[in-house]
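Only one chain is shown below, in structure tokens, and it's the form predicted alone.
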Amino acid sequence: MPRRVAMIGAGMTKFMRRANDTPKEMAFEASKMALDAAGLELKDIESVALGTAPDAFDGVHMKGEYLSDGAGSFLKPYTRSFVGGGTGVFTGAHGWWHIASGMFDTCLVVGEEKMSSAHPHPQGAFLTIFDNLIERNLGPNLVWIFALEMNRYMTKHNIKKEDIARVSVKNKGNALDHPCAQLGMKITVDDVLNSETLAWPVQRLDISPTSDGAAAFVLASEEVAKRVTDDPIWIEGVGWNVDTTIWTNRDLYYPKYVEYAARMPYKMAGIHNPPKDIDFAEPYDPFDYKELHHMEGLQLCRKGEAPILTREGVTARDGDLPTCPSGGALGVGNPIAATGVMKLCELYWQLRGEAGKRQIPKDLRTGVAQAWGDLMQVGTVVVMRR
């Protein structure tokens, strides 16, 4: 049986365009905050798990090696994970393995991304993920690829654009209460609908911003956790799934890769009825429709039902199933790998009652975080419990 693993401290930088900060400095800042929160020093850390996306974002070749000392891994076992946008949550699972396996008693998990280094825009780096012979010659970018997926989702379930826009309104509003948020703002559905169209039905306010930043947390074995804190938050389940890269051969209205990834941690955590057993969720929301898409993949509602729950206020911070109470990628920012780690940090802070102005106003016991990466392909899920 795997050992129990607890999160005992978390920290994150401000998410924004940070031209004056190096990736190492951001990784160091978040790591130190997490260690200070846990009441530990770097000498107490036995292993380090780092998550960061393509080298092109930080503009450094072999940036896993480049970031190692900034992430606190000098003379320590150290590994870098990379599964596109799913990296941050997967890195949490990666750190969990280190301790659950019995190899280490402590692990520092770090997610970092400096996307502003990719000129003229990070979308240029994403061109390389497409099939070199069939797709790349078309010059695709993620915006129009996800416009296809969003349009299919809307068409399949007869969803109105304003029902999707409500996600952006909610999350950017939630982010006003997050001290590290890049794009917290009070907007209306009409603001979203009147924003610039990039590739129909995707408009500018449907999309998360380009961000730089880092987030980190400390994991510990049960023995260490109970020695240093009276209120550890337990990782009860981890899961992942990789679907085919041939996205043109799939019906894009439903993310099977998220459902399959969620089955693993739900089984580990004894979750049989997700809408009832899970108190709140932090699904990945780089586009507003993806929050809805991923809620359905996480089995938090039936297919096509997520927009209705959002419209009825169920997913609001004071609703029955608060979703992205942090403000998510849409509001806090989206420095790819750091975003997933931020979401795991948010589970920790919410479950500990330390989320400040964004604290969910009800008793919380179980939360789920999810991230997604590559071309509608990778799902990563972690369940945490107080």
Partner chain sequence: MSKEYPGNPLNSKDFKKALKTKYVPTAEYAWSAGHAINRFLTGLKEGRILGIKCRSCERILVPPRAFCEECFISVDEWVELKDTGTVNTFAISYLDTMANRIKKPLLPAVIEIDGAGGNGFLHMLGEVDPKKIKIGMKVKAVWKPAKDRKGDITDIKYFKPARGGV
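Given the structure is predicted, the values throughout are model-derived calculations rather than measurements. Positions refer to the first chain, counted from 1. In this text, rigid core is short for the largest set of C-alphas that superpose within 1.5 Å between two forms.
We do not show the form predicted together with its partner chain, though everything after this point is about it.
S.K.: Quick one: 44, 273 and 311 and its partner chain in the predicted complex, is every residue within 4.5 Å by at least one heavy atom?
M.R.: No: no residue has a heavy atom within 4.5 Å of the partner.
S.K.: Would residue 140 count as touching its partner chain in the predicted complex under a 4.5 Å heavy atom rule?
M.R.: Yes, residue 140 is a contact residue.
S.K.: I'd like to check something about residue 33: if you look in the predicted complex, is any of its heavy atoms closer than or equal to 4.5 Å to a heavy atom of its partner chain?
M.R.: Although its partner chain is absent here, residue 33 would touch it in the predicted complex, with heavy atoms inside 4.5 Å.
S.K.: Does at least one non-hydrogen atom of residue 102 fall within 4.5 angstroms of its partner chain in the predicted complex?
M.R.: Close contact is absent here: in the predicted complex, residue 102 is far from its partner chain, nothing within 4.5 Å, heavy atoms only.
S.K.: Taking heavy atoms only, is residue 163 within 4.5 angstroms of its partner chain in the predicted complex?
M.R.: Outside the cut-off, so no.
S.K.: Would you point out which of 174-182, 258-266, 302-310, 93-101 contains residues with a non-hydrogen atom within 4.5 Å of its partner chain in the predicted complex?
M.R.: Of the options, only 174-182 has residues within 4.5 Å of the partner.
S.K.: Which of the residues spanning 12-32 lie within 4.5 Å of its partner chain in the predicted complex, based on heavy atoms?
M.R.: Residues within 4.5 Å: 12, 13, 14, 16, 18, 19, 20, 21, 29.
S.K.: Using a superposition on the rigid core, decide whether the Cα position of residue 365 changes by 2 angstroms or more between this form and the one not shown.
M.R.: Shift of 2 Å or more: no.
S.K.: Once the two forms are fit on the core, has residue 24 moved its CA by at least 2 Å between this form and the one not shown?
M.R.: No, its C-alpha moves less than 2 Å.
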